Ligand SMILES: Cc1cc2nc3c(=O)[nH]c(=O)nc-3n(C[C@H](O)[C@H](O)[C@H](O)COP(=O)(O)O)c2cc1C
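What follows is one chain in structure tokens, specifically the form predicted on its own.
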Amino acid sequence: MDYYFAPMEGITGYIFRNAHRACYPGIDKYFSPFISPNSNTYMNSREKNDVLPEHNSSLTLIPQILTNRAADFLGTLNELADCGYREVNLNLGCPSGTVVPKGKGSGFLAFPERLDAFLEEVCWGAENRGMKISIKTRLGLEDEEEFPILLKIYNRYPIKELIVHPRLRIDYYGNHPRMESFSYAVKESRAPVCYNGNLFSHSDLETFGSDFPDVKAVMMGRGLLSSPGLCSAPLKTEDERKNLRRFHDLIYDGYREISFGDKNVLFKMKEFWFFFIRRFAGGEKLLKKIRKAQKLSDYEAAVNAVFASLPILTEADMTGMN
């Protein structure tokens, strides 16, 4: 089984990715937070910095692009090809209220004819540059009956891999993944299928592997954010505590070293802890202290208390999380 780390805007940038790779080897591919080209530039300075090869030399990174304009997609693809990349991922899954109304992310799924024309143009352009395109998709916006139409479109093109998050846009990250539709994707897709959704423990991975033995790749986001060692060999509790601390410190020190500014460092780390606290039992009070911290010293005191006092959740506790 291949393991992919899903992108999370504002969290899984190159500092996070390198820290994770150093502490928890086992991820086959990391996907960048989406690059969103516009009329002024294909990649802004932050996006370029995040995908620089020298910032990702220890891992395999697949840049992800969010757009509904073929010219913008191909312009970004060409810049990434110039950097040495040979695969990009098209985001057709983002359910955000700031993205969908623009017809991007999962919002693009509402326009199958436009999506068809878009894929025809970008796949031809990618082939000319020796690039491959993978797609991360939801099942549709409001009804599972949308998915067979979308899959027929995907099957017309030389897609390297179809990553299926079997939820509708209206589900956001709630409700249970719609596994009958995922089974349909596995049966009918011409491209290899990767699964994404609600994998939070080794037990979840084992169950999925048993249910879908022909699926050779899974993508995890929230599961790896709350349990970063999910795809690595399990450690004894105290060894895991030390590794979790090392992981945190590499990220924290990385943000400080790039002169991010104390306020921005705190903002980034508070985003990180929204998921990371789930690895610990009874962390609500200390999470509030982390969120209220206005100085690095207050933040560090709260973090020290987490690692010194809170039990790490067991494997059974992580199974079935949402």
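The numbering used is simple: start at 1 and walk along the sequence shown. All values reported here derive from a predicted model rather than from experimental measurement.
One more form of this protein exists, namely the form predicted in complex with this ligand; it is left out here, but the text below deals with it.
The stretch among 212-220, 150-158, 108-116, 121-129 whose residues place heavy atoms within 4.5 Å of this ligand in the predicted complex is 212-220. Annotated contacts: Pro228, Arg279 and Phe307 are all free of this ligand in the predicted complex [non-hydrogen atom within 4.5 angstroms]. Although the partner is absent here, Asn198 lies within 4.5 Å of this ligand in the predicted complex, judged by heavy atoms. Remark: Ser36 does not count among the residues lining this ligand in the predicted complex, judged by a heavy atom distance of 4.5 Å or less. The closest heavy atom approach of Asn56 to this ligand in the predicted complex falls outside 4.5 Å.
Shown alone here, Asp298 lies farther than 4.5 Å from this ligand in the predicted complex, counting heavy atoms only.
Just one of Cys23, Ile11, Ala302, Ile15 comes within 4.5 Å of this ligand in the predicted complex, counting any heavy atom, and that one is Ile11. Though this ligand is absent from this view, in the predicted complex it lies within 4.5 Å of a heavy atom of just one residue from Tyr255, Tyr30, Phe275, Tyr42, which is Phe275.
For the partner-free chain shown, just Lys136 of 115-141 comes within 4.5 angstroms of this ligand in the predicted complex, judged by any non-hydrogen atom.
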